[in-house]
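One chain comes next, on its own, written as C-alpha cells: the form predicted alone.
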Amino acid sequence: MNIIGAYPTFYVPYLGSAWVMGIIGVIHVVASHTSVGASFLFAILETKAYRDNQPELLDFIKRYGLFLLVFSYVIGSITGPGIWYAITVASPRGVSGLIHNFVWVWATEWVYFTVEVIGVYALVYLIGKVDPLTHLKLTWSFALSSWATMLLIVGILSFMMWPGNEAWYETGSTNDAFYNLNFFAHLGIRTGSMFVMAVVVGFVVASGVKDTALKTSVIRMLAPIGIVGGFFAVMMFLYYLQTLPTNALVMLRSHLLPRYADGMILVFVVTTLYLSIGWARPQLIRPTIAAALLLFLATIGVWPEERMRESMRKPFVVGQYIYGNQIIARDAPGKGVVAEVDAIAEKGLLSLHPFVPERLRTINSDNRFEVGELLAKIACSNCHALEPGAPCAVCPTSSTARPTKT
C-alpha cells in the first residue's frame, strides 16, 4: 500500500468538528422526534374525535399542526442538510461506508419522508375540507410514514455502533448491517422518546388554548401517553446497554455515566412529575412553564443522550471497521475493504496520507512542531478540539506542548 484513501482534514478551531455535528444534531433530533411523536398524537386524537364526535379536538390538531410546520419542518429542513454537510466534511469515509451499505435504505427513507411532508401539509390544510373518514386515513398515513423514516434511520445509526456479529464483515449484506444487534433496542428508545417529546411540545401548544375545557381535555389525554413513553424509553435503554460492544461499555462506565447519569435521572423524574401534574391539574400548565420544561428537556435530556451515543462508538465512527480519524481499522471482505493499520505502522502516516505537504513528510528540527500539529489534527480532531480550553480538548496542543525558550 503506497497511499491510503484519506480526504483533507476538516477542522473547526476552538470548537472541533464533533461539537459542530453535535449542536446541529441535537436541534434536528428535537425537531424530528417531535414530528414523529406528534403524528401519532394527531392520529390518536383524531380517532377519538371521529369515534366520540368531538370535533373540537380537530381545532387543537390544526393548532398543533401549524406549530409543527414551523417548529419541526422548517427547523428540520435547515438542520437536515446541515447534518449532511457536517458529517460529509468531518467523516467522509464514514459517510462513504454508510452509503455503500444503505443507499437503497436511504432512498426508501426519502420516499417516506416525502410522503410525510406532503402528509403534514395535507393534514393541516384539509381539516374540515374533506370528509372525516378520509381525513382520518390521511392522518394515520402521515403517522405511519413518519415512523417509517425513524425506523429506517435507526437501522443505519445502530450499524454505526457495530454490526453485532461477524456475518456482515464476510457478506457485506444490507440485511446483516441493518438488523444489527442493537437495532430493536435503539428503535424502542427513540419510539418512547418521541412520545415524550411530542407530549411536552403538545403541552406548549395546549397551554395557549383559550378554551379551558378543550385545554383540560387535551392535556389529560396527552399526559398518560408521555408518561408511558418515558417508562418505555427507560426500559429499552436498559435493554440497549446489553447490546453494546466492549469499547462502548468501557467509555460508558468510565467517562459518560459518571458525568451524565445524574442529569438523565433528573430529567426522567422532573418530566414524569411534570406530566403527572399536567394530568392531575391541567390548569397549572402555563405557556412559560411549558416552554421552560421543553428547553430543560432539550438541553439536559437530549444533548447528553446524543453526546453519549456518539461518544460510545469511539474510537470507531462506523461499524467498528472505520476509526474516527477515517483510517480503516479491519478488513471487511464482503465490501472489499482492506485494513490500513498495519501499513501505517510500517510506513508511517506522513508517508501514506495523500494530503500531507511534501515538506512535512520528513521530520527535521525545523518542522517537527508543525508536523506534530498536523498529525494531531489528522489523527485526533474528529473527536477533539486542540486549543486550550476548547470542548473535548484532551490532547496536548501545539502551543502547550512546545518547550519554552530560555
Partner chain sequence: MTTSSMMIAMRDPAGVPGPPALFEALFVGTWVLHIAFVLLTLGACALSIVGFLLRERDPHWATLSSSMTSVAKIGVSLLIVLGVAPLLFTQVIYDPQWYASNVLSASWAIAFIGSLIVAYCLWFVFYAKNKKAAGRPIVFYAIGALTILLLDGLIMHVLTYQSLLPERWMEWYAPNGVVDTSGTKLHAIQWSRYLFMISLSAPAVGLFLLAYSDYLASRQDIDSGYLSFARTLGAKVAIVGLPASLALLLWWLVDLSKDNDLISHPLAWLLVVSFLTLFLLVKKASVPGRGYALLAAGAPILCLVSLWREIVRVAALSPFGYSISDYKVNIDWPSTILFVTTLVGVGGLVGGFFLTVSYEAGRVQNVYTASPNVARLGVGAVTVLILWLSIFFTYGAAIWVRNAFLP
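Small disclaimer: the values here were computed from a predicted structure and weren't measured. Positions refer to the first chain, counted from 1.
Form predicted together with its partner chain: not shown, discussed below.
- The three marked residues, P8, H100 and V103, each reach its partner chain in the predicted complex, with a heavy atom inside 4.5 Å.
- Heavy atoms within 4.5 Å of its partner chain in the predicted complex belong, among the stretches 264 to 272, 67 to 75, 251 to 259, 303 to 311, to residues of 67 to 75.
- Note on the partner interface in the predicted complex: the residue among L214, A292, L284, V111 having a heavy atom within 4.5 angstroms of its partner chain is V111.
- Of the listed positions (P315, G208, P224, G82), a single one reaches within 4.5 angstroms of its partner chain by any non-hydrogen atom in the predicted complex, namely G82.
- Interface residue remark: R361 is counted as part of the site for its partner chain in the predicted complex, having a heavy atom within 4.5 Å.
- Looking at V337, you'd find a heavy atom of it within 4.5 angstroms of its partner chain in the predicted complex.
- With a 4.5 Å cutoff on heavy atoms, A298 does not count as touching its partner chain in the predicted complex; it lies far away.
- Its partner chain is not shown here, but in the predicted complex it comes within 4.5 Å of a heavy atom of F142.
- For the stretch 104 to 136, the set of residues having any non-hydrogen atom within 4.5 angstroms of its partner chain in the predicted complex comprises W104, V105, W106, A107, T108, W110, V111, Y112, F113, T114, V115, V117, I118, G119, Y121, A122, Y125, L126, G128, K129, V130, D131, T134, in sequence order.
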